[in-house]
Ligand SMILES: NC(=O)c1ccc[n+]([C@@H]2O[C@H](COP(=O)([O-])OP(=O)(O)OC[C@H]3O[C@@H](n4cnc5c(N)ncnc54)[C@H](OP(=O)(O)O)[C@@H]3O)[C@@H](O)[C@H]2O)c1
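Just the one chain here, laid out as structure tokens, in the form predicted on its own.
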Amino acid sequence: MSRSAILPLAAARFAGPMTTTRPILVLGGTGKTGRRVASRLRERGHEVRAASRNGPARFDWSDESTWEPVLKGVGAAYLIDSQLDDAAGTLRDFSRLAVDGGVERLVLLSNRDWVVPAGEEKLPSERVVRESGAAWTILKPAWFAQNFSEDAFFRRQIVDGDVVTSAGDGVEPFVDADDIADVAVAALTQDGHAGQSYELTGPRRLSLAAVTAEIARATGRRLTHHPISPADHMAYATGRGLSEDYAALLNTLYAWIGENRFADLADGVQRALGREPRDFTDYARHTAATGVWHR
């Protein structure tokens, strides 16, 4: 199907009838995507149950006593994966409870197969949602642009004027979290998204050096991208407060950017919403205006 044919089809999906009037559960309701999804749903008049470990609707993957209360009466749910060792098994149990309780629609925030061995088509958690018995939609975003403004580790580097990475010259099609939220809301409330797996990227590929330059232009500050080896980055990251496990994971993700593992542009935003994804330049300008990158 041509690009010109995709856009009207997606626009029709987004404009379709609302399919649930029951509360919508948003897990991770205070996180980067969750709070955006919850806010958009409320703006559209939906009753939202934003659940998190410390929120009014308490939810904890490791405490099953918190599961049933947040699911009561819910018609659709926005899911984020747990960080438990058996994440897929945990999600399977939760999804079974949700469907048995009448939840008709599940939207899972996944990723672009960051941790799947070569040759495997989808993450175990994605299979769980696909096989849940509910109408499902999978969101598979690239790196969030908002990592640079909403994660303390990255934001501090920009404030200090020196962005230090081990990604080399690799590129990534950074996606705006607002686009992810818009797609999630469409999938939760509109017809036409069931059975869809949306890979979500920005409209172009950027290296970390290019990201640094974009933010420098937006802020009017002098910023430097400082590429270093993985070993040096491990020492740098742990010296700035990251755990060894998280620093090692970050090095792995940087290595994959360095080899352009997930550099391909995808059309998930276009297919779901009938418009182009937001560009990193727009994100940088908007964020710079908030002052978050200034001392």
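Heads up: residue numbers just count along the shown sequence, starting at 1. What you are looking at is a predicted structure, and each value in this text was computed from that prediction instead of being measured.
What comes next is about the form predicted together with the ligand, which does not appear here.
**Q** Report the residue, out of 142, 91, 71, 76, that has at least one non-hydrogen atom within 4.5 angstroms of the ligand in the model of the complex.
**A** Among 142, 91, 71, 76, a heavy atom within 4.5 Å of the ligand in the model of the complex occurs only for 142.
**Q** Please pick, from 98, 186, 109, 167, the one residue with any non-hydrogen atom lying within 4.5 angstroms of the ligand in the model of the complex.
**A** None of the others qualify; the residue that does is 109.
**Q** Please determine, with the chain shown alone, which of 254-262, 38-46, 231-239, 51-59 has non-hydrogen atoms within 4.5 Å of the ligand in the model of the complex.
**A** In short, 51-59.
**Q** Given that the ligand is not shown alongside this chain, does residue 243 nevertheless sit within 4.5 Å of it in the model of the complex, heavy atom to heavy atom?
**A** No, residue 243 stays farther than 4.5 Å from the ligand in the model of the complex.
**Q** Within 4.5 Å, heavy atoms only: does residue 28 come near the ligand in the model of the complex?
**A** So residue 28 counts as contacting the ligand.
**Q** Is there a non-hydrogen atom of residue 32 within 4.5 angstroms of a non-hydrogen atom of the ligand in the model of the complex?
**A** Residue 32 belongs to the contact set for the ligand.
**Q** Is residue 197 close enough to the ligand in the model of the complex to count, meaning some heavy atom within 4.5 Å?
**A** Outside the cut-off, so no.
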